[in-house]
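In the form predicted on its own, a lone chain appears below as structure tokens.
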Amino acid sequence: MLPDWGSHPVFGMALTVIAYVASLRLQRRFPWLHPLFVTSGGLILMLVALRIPYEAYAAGGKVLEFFLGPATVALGVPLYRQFRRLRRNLAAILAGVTAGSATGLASAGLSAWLFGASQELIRSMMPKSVTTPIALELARDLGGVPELAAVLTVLTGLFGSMFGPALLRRCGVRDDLPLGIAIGTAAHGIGTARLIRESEPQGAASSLAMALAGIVTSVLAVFVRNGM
């Protein structure tokens, strides 16, 4: 049976913070490891091994969730600092985000269909490249499963954050602006969080792309829903 302190909000908060700090130290030795991936995996293993109910952990997780709002707003700081450069390239950015959003929807649906996935899975997978709150609503509107869409969206962000920048550089994409736009469009907030720690110009471009991708994908999803 879980002790009384195990259900206190501080328990979930402390567990998350300790796991994240440990993952940052681990990343110093193994740069390819993503802190969020290690933290999430470590927390899941710890909860299972110690038989801690998710509800007990979530009591503290909800407190941390509150700070997601201010953290998201904080992305506006580098966006403001890079505003002039972004404004000069706004047409190219809009074109890139639109193309990327359309490709994300189409490729997700097509790949799932080719592997024989159910219609429910296809509709849940299509909005995986936008930020989680938007993906949940789009999946629900398309007739998918919001909970499944949430998992697929987080996994997309994690893998995009871990492998996206290196893959883009191998393909010759090295400038801050296109690299940031690509990651923000495909890997939403998780990818943006990584870039903003490494480069303010990349993080600003990714923040803008993430916001625009949410709008563009929502509009495109209307046509997808009507065509299904």
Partner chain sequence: MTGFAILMAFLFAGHVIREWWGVPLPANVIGMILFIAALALRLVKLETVEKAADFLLRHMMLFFAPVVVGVVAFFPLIGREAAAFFGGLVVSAVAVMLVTGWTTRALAGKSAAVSGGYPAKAAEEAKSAADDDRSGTSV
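Numbering follows the first chain given and starts at 1. Predicted, not measured: the structure shown is a model, and the values here were computed from it. Just so we're on the same page, rigid core means the largest C-alpha set that superposes within 1.5 Å between forms.
The protein also exists as the form predicted in complex with the partner chain; that form is not presented, and the subsequent description refers to it.
Give a yes or no for P146: in the predicted complex, does one of its heavy atoms lie within 4.5 Å of a heavy atom belonging to the partner chain?
Yes - in the predicted complex, heavy atoms of P146 and the partner chain come within 4.5 Å of each other.
Flag L26 as yes or no: does it have a non-hydrogen atom within 4.5 angstroms of any non-hydrogen atom of the partner chain in the predicted complex?
Heavy-atom contact with the partner chain at 4.5 Å: absent for L26.
The partner chain contact in the predicted complex: P31, any heavy atom under 4.5 Å
Answer no; every heavy atom of P31 is more than 4.5 Å from the partner chain in the predicted complex.
Counting only non-hydrogen atoms and a 4.5 angstroms cut-off, does L36 reach the partner chain in the predicted complex?
Looking in the predicted complex, residue contacts with the partner chain include L36, since a heavy atom lies within 4.5 Å.
At a 4.5 angstroms cut-off on non-hydrogen atoms, which residues of 133 to 159 are near the partner chain in the predicted complex? List them in order.
If the 4.5 Å heavy-atom criterion is applied to the partner chain in the predicted complex, 133 to 159 yields P133, I134, L136, E137, L138, D141, V145, P146, E147, L148, A150, V151, L152, V154, L155, T156, F159.
Is R140 one of the residues whose C-alpha moves 2 Å or more between this form and the one not shown after the core fit?
Shift of 2 Å or more: no.
CA of P35, rigid core aligned, shift of 2 Å or more between this form and the one not shown
Indeed, P35 is displaced by 2 Å or more.
With a C-alpha distance change of 3 Å or more, do G160 and L15 lie closer or farther in the predicted complex?
Relative to this form, farther apart in the predicted complex.
Check A182 against F37 at the C-alpha atoms and report closer or farther in the predicted complex, compared with the shown form; the change is 3 Å or more.
They are farther apart; the C-alpha distance rises by 3 Å or more in the predicted complex.
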